[in-house]
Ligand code: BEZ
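A single chain comes next, written as structure tokens; it is the form predicted alone.
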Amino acid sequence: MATIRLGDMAPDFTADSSEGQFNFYEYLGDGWGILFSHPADFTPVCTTELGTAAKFKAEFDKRNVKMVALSVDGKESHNEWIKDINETQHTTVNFPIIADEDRKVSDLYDMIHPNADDTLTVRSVYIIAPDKTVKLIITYPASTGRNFHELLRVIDSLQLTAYHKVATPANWEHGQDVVVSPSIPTDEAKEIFSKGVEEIKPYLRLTPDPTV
């Protein structure tokens, strides 16, 4: 089983889901994607997560990010679980949940960690760029729910830094100052970033968010 690392190509696959058969690459098209795994259907933390994901869909859509979830249970089970999610979380699940009973996708993405559980997937998040490379991986234990505000924040950072020669500092949020890439000399940076460059140290230069 291969280990997925940052910068690797996200493995393509065809699978059944709560919305029918689909191919991952075709589903993503030329946009971004977020794939998140769940240990099993009818689990409490994941029920809250999938409900929250549905409520955040408009925010992901604004960023051209398509959501897809995965659980090792089957399509019929997913569809029954979705009824519970919609009822208890007061929403409507609006993205596919992969039925991965044969663990094919789980193995492709190294989602099963034997020291945590021999058969169930860990709760991982993969953010995938339009070129199909993996840009971010976060793995949570079963006891800790994901923070979807943080997922949006890192997507904002990934999309900003993909197209501009900047990095984002600790706790950065969209619209705040960013860090000039260390590879750019300060004189050149001042030409590139018309809003100005503040040199705190030769290696630490800040500039306003170029997208605002």
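Bear in mind the structure is a predicted one, so any value in this text is a computation, not a measurement. Note that residue numbering follows the sequence shown and begins at 1.
The form predicted in complex with benzoic acid is left out here; the points below concern that form.
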| query | finding |
| --- | --- |
| Proximity to benzoic acid in the predicted complex (heavy atom, within 4.5 Å), stretch among 22 to 30, 59 to 67, 39 to 47, 180 to 188 | 39 to 47 |
| Close approach of Lys135 to benzoic acid in the predicted complex, 4.5 Å, heavy atom | no |
| Interface membership of Arg123, benzoic acid in the predicted complex, 4.5 Å heavy atom rule | yes |
| Heavy atom of Ala129 within 4.5 Å of benzoic acid in the predicted complex | no |
| 4.5 Å heavy atom contact, Leu108 and benzoic acid in the predicted complex | no |
| Residues of stretch 133 to 150 in contact with benzoic acid in the predicted complex (4.5 Å, non-hydrogen atom) | Ala142 |
